[in-house]
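Here you'll find one protein chain in two forms, each presented separately as structure tokens under the names structure 1 and structure 2.
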Structure 1
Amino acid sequence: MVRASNETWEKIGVYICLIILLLFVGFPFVWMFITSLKPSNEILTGGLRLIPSHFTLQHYYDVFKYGNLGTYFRNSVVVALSTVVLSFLAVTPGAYAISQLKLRGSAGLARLILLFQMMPGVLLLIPLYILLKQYNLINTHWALILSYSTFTIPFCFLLSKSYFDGIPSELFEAAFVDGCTTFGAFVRVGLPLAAPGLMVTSVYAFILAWNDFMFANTFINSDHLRTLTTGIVTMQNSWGVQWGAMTAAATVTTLPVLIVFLIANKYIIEGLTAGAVKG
């Protein structure tokens, strides 16, 4: 009886801690969203009042009509999805080959890739700029896609390899016995079983490409090629920060990430544990 009571109080304590953490993490986003719906005269003069006297969508209208936010949004979608596709095509076959085909030198290659993953992005900023400039890729979306891939591919490779390591090799051997080629076993056995883990790697690549500011601000100069993270900066002018437009644009920037998490939530939970135990 005492033990059951202690467990109940422990659960209550855990829930209280989670609620406090949720409020601490979520309140800035709630404040941002509500601020984007406030009239301009209440944003700076309304004090700390959370709920405005009335809501308005004027800021959203302004950022899409006058702030070029639609173009920034489209550019971010193109760059982020292209990074995901490029990373997937480069990582998945390589992770499968090193994990299941037992290639010579694969362990050393995995350690080398891990070393690349440990390098901070700012160290590669100037070398990447020089390299992209030599190939006339500065001020193009390809500059962003290729630079983002240099950071998504190492991490996605190591993560994907762990998921393929968790697939019993007997399944691939059975596929070979049934007449599958190496590529056929990869497509029919490897990809379906590693799908949750591959979803996690895709989400990681998408978020990294979507949220980047440093490379987008360095490699892109034309306004019609800017992504959301750099486009929002243009809403600051010599007269000050347009907080209504800024929070509206920030809300639009945040929503796709939340939607991706909601859609892929099941696969993310499965993927986080899929490679934890080797079968």
Structure 2
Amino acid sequence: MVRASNETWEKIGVYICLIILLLFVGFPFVWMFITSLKPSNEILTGGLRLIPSHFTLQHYYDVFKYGNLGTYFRNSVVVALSTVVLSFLAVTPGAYAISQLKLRGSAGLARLILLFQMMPGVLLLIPLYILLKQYNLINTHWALILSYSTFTIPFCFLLSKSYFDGIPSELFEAAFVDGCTTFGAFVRVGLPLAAPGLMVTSVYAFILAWNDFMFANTFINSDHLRTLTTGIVTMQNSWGVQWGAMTAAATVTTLPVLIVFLIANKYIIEGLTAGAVKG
């Protein structure tokens, strides 16, 4: 009897904590969404009311019609995806080679790359600008893809190396015995077995690239090349923040992320944790 009641109390306590946690995490987004539906004159003076007296889609209309939000969104997707593809192409063969082919000097390279994961992005901003300019890449998406590689490459390398490390070397040796070249073993054994881990690495790299503000703000000048993060920040112009338009734009930015997460969360999350848990 006492046990059961304890159990019930514990359950209630856990759920109260859960509700507080969800409010803490989710309410700012809810409030953002509510604000985006309020008429301008109610945003500052509407108080704490959760349901505005009037609903309007005017702010959404404005940001799409006048604010190029669709373009920003497409650019963000393009840049983040390309960053992932580039990092992937560059990183996986190297990670495989260092993990499984026992190259001399590979430990040194891995250590060096590891060290560069600590590299402050702001430190690379100035030389990258000068370098990109030399190749006429300022104000192109290439500038972003290359600069995002500065943080995705060390990360992806270390994570995918840990996935290749996780594959028993006997499997590769067996493949060699069967007459596979090292490349054949990479493609037939390494990639398929590391695939779940590599997907996870890609998702993580995608998020890092999707979230960047600093490089995008510094390297992109043209409106039609802007990503969402800089696009939204630019909406705060010298005549003051129009919170209605800003929250509408923020909602549009958040919604796809939310949808993708609700659909694929189990897979994504399990992957995200792999790197740290493995360590």
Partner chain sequence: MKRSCRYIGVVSLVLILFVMPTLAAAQVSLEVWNDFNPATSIDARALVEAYREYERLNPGVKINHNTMTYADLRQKAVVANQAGTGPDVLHMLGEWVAEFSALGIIEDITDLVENWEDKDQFPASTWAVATSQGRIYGIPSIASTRALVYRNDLFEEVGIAEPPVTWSDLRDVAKKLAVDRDGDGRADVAGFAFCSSTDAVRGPQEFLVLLWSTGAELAVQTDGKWVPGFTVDQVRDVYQLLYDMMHVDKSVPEYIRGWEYNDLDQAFEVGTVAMCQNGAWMANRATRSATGEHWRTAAVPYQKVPATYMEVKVEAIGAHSANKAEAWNLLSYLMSKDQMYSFTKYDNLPSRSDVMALPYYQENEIWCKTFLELVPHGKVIPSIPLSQVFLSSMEYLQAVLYKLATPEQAAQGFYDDTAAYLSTLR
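The term rigid core refers to the maximal set of C-alpha atoms that superpose within 1.5 Å between the two forms. Since the model is a prediction, treat every value here as computed from it, not as a measurement. Structure 1's sequence is the ruler for residue numbers, which start at 1.
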Chain form predicted together with the partner chain, by structure number | 2
Expressed in °, what is the rotation of the smaller rigid part against the larger between the two structures?
-> 12
Shift of the Cα of residue 18 between the two structures with the rigid core overlaid, in Å, rounds to 5.0
Core-superposed C-alpha displacement of residue 255 between the two structures, in angstrom, equals 3.4
